[in-house]
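Coming up is one lone chain in structure tokens, specifically the form predicted alone.
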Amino acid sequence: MKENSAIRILALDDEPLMLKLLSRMLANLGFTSVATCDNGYAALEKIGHADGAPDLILLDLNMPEMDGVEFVRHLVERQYAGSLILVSGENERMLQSTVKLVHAHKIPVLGHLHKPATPEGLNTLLVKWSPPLPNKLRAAKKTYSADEVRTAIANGELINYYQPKVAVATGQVVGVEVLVRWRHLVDGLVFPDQFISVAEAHGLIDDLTRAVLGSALAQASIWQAIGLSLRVAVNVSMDNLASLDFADYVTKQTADAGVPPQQIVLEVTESQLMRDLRAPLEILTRLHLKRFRLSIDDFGTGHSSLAQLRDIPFDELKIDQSFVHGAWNNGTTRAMFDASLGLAKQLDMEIVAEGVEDRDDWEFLRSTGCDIAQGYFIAKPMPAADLQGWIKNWEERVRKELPAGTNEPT
């Protein structure tokens, strides 16, 4: 970390006593380049001087004239390149909302402190600071036309990657989620956020889904032949469910591949609000009757709702990663997770938690009675050829590092 004396810090708070307290804490921690302001307008003037722009701002949210949220907007307009620490007497949910807003503006937030701040709490956040890389500009993602995406589908340029899903109680690998990639002849591996929306906007998503499903079924058949029994989850958008022949298509393709329908999970996602439930409800109900498993994906976000749980015979509820990662240490996120988990249990649905990023997330899930976990702590998406080797390594990791234990909810 850069020497404390070289880091320029600005404390912004309308309370003189708080400014004195923060200044004293910073001095005791070895920070000698500290300025203070009691209002946002004065702070913006300081930021306007290139040679004196602070590396870090300690920002109070609730101030007269210009509140902290408005101040952040002005920072964005001035292309502020430093970091923020929020210091406020507001409640946890208010602070979390502000942190999310600041992150959306691409300004680093080291964390937040409740008033009165403590030296220990302040120091914990200060050690996270690192200087921004000079002149580092984020390259804009390339956009692709509908014709390019259409050609990619037709030429078989889409490939499937597979992200493992494991039983939380035992660590056993129980399935994979299929995640499509585009093997572009010039640009290399292109991720779905660069072409899925194009496919949806230009009526190509049905062709894309059928290509992904066909490849996934062929791979499931290969795994089955070597004794590897895995549930294979494929994402299906509501656009796929507009054609009444979709259920028959899925059924025929699965039968032709020799894969039991119970091994196929259709994860239903919504990019657009359903205007007419009749076709999707018929298709999903028929697929359920034919013993395909249905999963409601990203529950709690977008248009997924309690009404869908009431109307559609889902077998599985997939809790969105925004309610999983860090839930062990965040009261609001934990409440959302617990509500989703409790609802799924009452409806006798299997629960999948995505976004398991670290050991803390894993241990949290083990304490709650969640069924299945998915996320980078377990594995990133991988080509099919890498899966068997990964399973061996994972089983060894479970044996040494993650021994199975009781899975009693707390």
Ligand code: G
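One-based numbering along the sequence shown. As the structure is a prediction and not an experimental result, all values here were calculated from the model.
Heads up, the form predicted together with guanosine-5'-monophosphate isn't pictured, but that's what we're talking about next.
- Quick check: do 157, 219 and 383 each get a heavy atom within 4.5 Å of guanosine-5'-monophosphate in the predicted bound form? Result no, not one residue of the spot touches guanosine-5'-monophosphate.
- Message: Is it the case that residue 181, even though its partner is missing from this view, gets within 4.5 Å of guanosine-5'-monophosphate in the predicted bound form, heavy atoms only?
- Response: Looking in the predicted bound form, residue contacts with guanosine-5'-monophosphate include residue 181, since a heavy atom lies within 4.5 Å.
- Query: So in the predicted bound form, does any heavy atom of residue 316 sit within 4.5 Å of guanosine-5'-monophosphate?
  - Reply: No, residue 316 sits far enough from guanosine-5'-monophosphate in the predicted bound form that none of its heavy atoms falls within 4.5 Å.
- residue 82: touches guanosine-5'-monophosphate in the predicted bound form, heavy atom cutoff 4.5 angstroms: No, residue 82 is distant from the partner.
- Query: Using heavy atoms and a 4.5 Å limit, would one call residue 192 a contact residue for guanosine-5'-monophosphate in the predicted bound form?
  - Reply: Contact check for residue 192: yes, within 4.5 Å of guanosine-5'-monophosphate in the predicted bound form.
- Query: If contact means any heavy atom within 4.5 Å, which of 372 to 380, 30 to 38, 64 to 72, 339 to 347 contacts guanosine-5'-monophosphate in the predicted bound form?
  - Reply: Careful reading of the contacts points to 372 to 380.
- Item | Single option in 241, 87, 205, 327 placed near guanosine-5'-monophosphate in the predicted bound form, where near means a heavy atom within 4.5 Å | Contact with guanosine-5'-monophosphate in the predicted bound form is made by 205 alone.
- Of the options 281, 94, 196, 113, which one has a non-hydrogen atom that comes within 4.5 Å of guanosine-5'-monophosphate in the predicted bound form? Of the listed residues, the single hit is 196.
- Any residue of 162 to 177 that, in the predicted bound form, places a heavy atom within 4.5 Å of guanosine-5'-monophosphate: 163, 177 sit within 4.5 Å of the partner.
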